[in-house]
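What follows is one chain in structure tokens, specifically the form predicted on its own.
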Amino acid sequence: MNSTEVYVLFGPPGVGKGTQGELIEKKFNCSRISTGDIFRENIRNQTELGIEAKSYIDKGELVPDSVTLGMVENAIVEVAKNNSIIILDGFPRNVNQAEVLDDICEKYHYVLKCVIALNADDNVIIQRLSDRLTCKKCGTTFHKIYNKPSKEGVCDKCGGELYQRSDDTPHAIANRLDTYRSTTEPVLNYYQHSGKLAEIDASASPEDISKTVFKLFSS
């Protein structure tokens, strides 16, 4: 029996992890687990964890491990029942989470295959996120320049209302990037000598980025 393979999409907020994760999921018929989707589902259902997560997200801060780890492990185990390839989008976000991911892989006999790190300048990220639109109903994201909805203000996927998230303002984005640099970026050092880290320039168009990611994923 083949082991479940785990791939990590890593990088700062707004670098394109969600976009690339969706493209990989479709092309290679694998399953993507987004911590953002997990949080949105809990927020939408106004669970206790969702309310707590939203209080951090609205301030441009990372959701603490006490809220994140249990949800992520349960999601990984559930998805692994039906798919042998999993993409993690937005996890791990700190060294402790990276260590926990190693423990999860060891516990369930999964194999961490590759950490794909997307990088872009802060100015590029701020511009991208400032023009991002999110569906209130399903969480699908659009962009005012790169990925416009067919009808202004309406989600192509479910017909829900599009809005700008409270953490997609320049001030909140700057706070998120500061938090990323201090808390999340050290994860790169954790994986630096593992032989599993692949860094990609994500300042290009989503189409050009996906070509590079697909080559890496295929190999």
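Nothing here was measured: the structure is a model prediction, and the numbers come from that model. The first residue of the sequence shown is number 1, and the count goes up from there.
This next part talks about the form predicted together with BIS(adenosine)-5'-pentaphosphate, which is not shown.
- Contact annotation: G36 falls within 4.5 Å of BIS(adenosine)-5'-pentaphosphate in the model of the complex, judged by heavy atom distances.
- BIS(adenosine)-5'-pentaphosphate in the model of the complex is not approached by E52, whose heavy atoms all lie more than 4.5 angstroms from it.
- With a 4.5 Å cutoff on heavy atoms, N96 does not count as touching BIS(adenosine)-5'-pentaphosphate in the model of the complex; it lies far away.
- Taking the partner from elsewhere, N119 is found to have every heavy atom lying beyond 4.5 Å of BIS(adenosine)-5'-pentaphosphate in the model of the complex.
- The partner is absent here, but in the model of the complex a heavy atom of I57, alone among I57, L188, C30, L162, sits within 4.5 Å of BIS(adenosine)-5'-pentaphosphate.
- Residues with any non-hydrogen atom within 4.5 angstroms of BIS(adenosine)-5'-pentaphosphate in the model of the complex fall in just one of 44 to 52, 149 to 157, 163 to 171, 188 to 196: 163 to 171.
- Contacts between stretch 178 to 217 and BIS(adenosine)-5'-pentaphosphate, counted in the model of the complex as any heavy atom lying within 4.5 Å, involve A202, A204, S205, P206, I209, listed in sequence order.
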